[in-house]
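The chain below stands alone, shown as structure tokens; this is the form predicted alone.
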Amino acid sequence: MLSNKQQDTIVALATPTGAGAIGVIRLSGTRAIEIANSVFRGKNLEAQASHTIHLGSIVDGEQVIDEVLMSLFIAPRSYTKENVVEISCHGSSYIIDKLIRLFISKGARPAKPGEFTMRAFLNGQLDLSQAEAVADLIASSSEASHKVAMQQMRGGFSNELKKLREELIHFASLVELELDFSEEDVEFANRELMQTLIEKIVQVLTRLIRSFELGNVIKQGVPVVIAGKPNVGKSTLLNALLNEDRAIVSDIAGTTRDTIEDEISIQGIKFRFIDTAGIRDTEDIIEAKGVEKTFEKINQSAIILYLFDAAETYGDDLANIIKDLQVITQKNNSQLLLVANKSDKNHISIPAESMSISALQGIGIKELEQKLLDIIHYTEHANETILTNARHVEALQRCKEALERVLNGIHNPVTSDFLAMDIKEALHYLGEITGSISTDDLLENIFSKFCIGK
């Protein structure tokens, strides 16, 4: 149920601020159409059908402020399930500010961040995980992050949780029934069937929790540092991956003295490549600073792409570098990818776990891109539900812990009241994700991170 404050009619700019061809101002609430109509010179908006658009002027007294299009969405057939009016005006910051102040003077109030979506949630249009996916959709910067957000916003994740929750509620009710007949010492909930169900749910929860590692990669992008000795072709490789001359290429050792970063999308996944200074001992103060920065970036990356010259003999020097990098990857939970460059020339020997390319000739670049995708396991999980929200993962983890206690209680028989308590806790955490169980503090924290106007 909406509080008095949530029953107010709210107004905000729904398009980005700054000059543009058009701006869209959104009104939502019981009085949205009435307020818009009070300043509109054209058709009587209060007599028009939902999902219609009307051309006219907005006036302040006798002053015409702008010629606009009024889009009407009558409750409950709107994003918020309230009366909504969207005003498409010219994108002048003066006009937009003037119109918003006019609507406020007529009885609307400025919307808070995420307040339109919060109303959609409170009015049952979206569950909480779908509402959070709206923010992820707005922030999506790659095909994969867009796909994951759309899947969650359409209820893919919610539907999966709903099925699990319904099955669990069935057994919870049977266990609760046992408590009513505790003196008769009867079992209504078949323990074998309950165990099978909970094991299945724990399996699903484990998969969802593990998917967060990939989900975080999709959401944030994958930092990949290109490291190696001077003159092995790091800048040439960066240019080949980006398909442009982004980095200076030279035969002179030590050309790259600072990091160069750029992003590309590989099959919808955003990778952030970082070209670094060549790793070597040097007395040049500036180059030494670059080498120091290289190791900083190595420690911050998800993937270390170590590039070496395929024509060089595979000896102790390269083996020792690989060992040092493996220590770093184990400490940082990152991945090491060994790449032998200049494979168009005759090479002596390379480590068995490395792959060969020629950055200059473009040989092996597509295979390298696929290898990067394989490392983050995107291709094999592309059609599964993937979590990108840390709040969801924490709730699922707590739910899993509660269900594991239920399993322990079945294996080492405990009374029904203990089983009921743990099942209730598991249901509570599943409900927290979808918002069937929520608090004002939780909602305020979630929606305060949204942009104003959404």
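All of these numbers come straight from a predicted model, not from anything done at the bench. Residue numbers run from 1 along the displayed sequence.
There is also a form predicted together with another copy of the chain; it is not shown, and the following applies to it.
Discussion item. Just to confirm, with a 4.5 Å cut-off on non-hydrogen atoms, which of K323, K331, K163, R101 contacts another copy of the chain in the predicted bound form?
Written reply: Looking at K323, K331, K163, R101 one by one, just R101 meets the 4.5 Å heavy-atom criterion.
Worksheet item: Exactly one of H377, K229, R272, H146 has a non-hydrogen atom within 4.5 Å of another copy of the chain in the predicted bound form; which residue is it?
Response: Flagged contact: H146.
Worksheet item: In terms of non-hydrogen atoms within 4.5 angstroms, which of the given stretches 405-413, 24-32, 391-399, 421-429 touches another copy of the chain in the predicted bound form?
Response: Of the stretches listed, the one contacting the partner is 24-32.
Worksheet item: Closest heavy atom of D417 to another copy of the chain in the predicted bound form, within 4.5 Å or not?
Response: No, no contact at 4.5 Å.
Discussion item. If we define contact as a non-hydrogen atom of the residue within 4.5 angstroms of the partner, is V39 a contact of another copy of the chain in the predicted bound form?
Written reply: No.
Worksheet entry | in the predicted bound form, N445 touching another copy of the chain (heavy atom, 4.5 Å) | Judged by the heavy-atom cut-off of 4.5 Å, N445 is well away from another copy of the chain in the predicted bound form.
Practice prompt. Look up in the predicted bound form whether L137 has a non-hydrogen atom within 4.5 angstroms of another copy of the chain, and give yes or no.
Written response: Heavy-atom contact with another copy of the chain at 4.5 Å: present for L137.
Practice prompt. For the heavy atom contacts within 4.5 Å of another copy of the chain in the predicted bound form, list the residues of 35-69 involved, in sequence order.
Written response: Contacts from 35-69: H51, T52, I53, S57, Q63, V64, I65, D66, E67, L69.
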